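Just the one chain here, laid out as structure tokens, in the form predicted alone.
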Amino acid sequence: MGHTIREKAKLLARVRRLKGQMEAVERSLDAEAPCGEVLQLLASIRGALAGLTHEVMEDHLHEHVVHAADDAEREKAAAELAEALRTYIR
């Protein structure tokens, strides 16, 4: 069983919180809230998304790279992680 399946409930709860945070930004913009408030909401979303990304990447690293069944799986998983990091860092 993969780590995203095993941690599905926890990961989905984090995604739902992110969705709620995005809806709060939408409400703030609709209500013409001061830009400082909107920026604070956006900063919170960025932090929450970074935390979720870190968790999935760390679990991927441990399950598919460190504890890979064989070298082929390890190489594939490392390449997937490298590509995700390239995209994330851009």
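Everything quoted here is computed from the prediction, not taken from an experiment. For every residue, the number given is its place in the sequence shown, counted from 1.
What comes next is about the form predicted in complex with another copy of the chain, which is not displayed.
K.L.:
With a 4.5 Å heavy atom cut-off, would you call Lys8 a contact of another copy of the chain in the predicted complex?
P.N.:
Close contact exists here: in the predicted complex, Lys8 approaches another copy of the chain to within 4.5 Å, heavy atoms only.
K.L.:
I'd like to check something about Ala82: if you look in the predicted complex, is any of its heavy atoms closer than or equal to 4.5 Å to a heavy atom of another copy of the chain?
P.N.:
Ala82 belongs to the contact set for another copy of the chain.
K.L.:
So, Ala69 and another copy of the chain: in the predicted complex, are they within 4.5 Å at any heavy atom pair?
P.N.:
The answer is no: Ala69 has no heavy atom within 4.5 Å of another copy of the chain.
K.L.:
Which residues, if any, of 10 to 40 lie within 4.5 Å of another copy of the chain in the predicted complex when only heavy atoms count?
P.N.:
The stretch touches the partner through Leu11, Leu12, Val15, Arg16, Leu18, Lys19, Met22, Glu23, Val25, Glu26, Leu29, Asp30, Glu32, Ala33, Pro34, Cys35, Gly36, Val38, Leu39.
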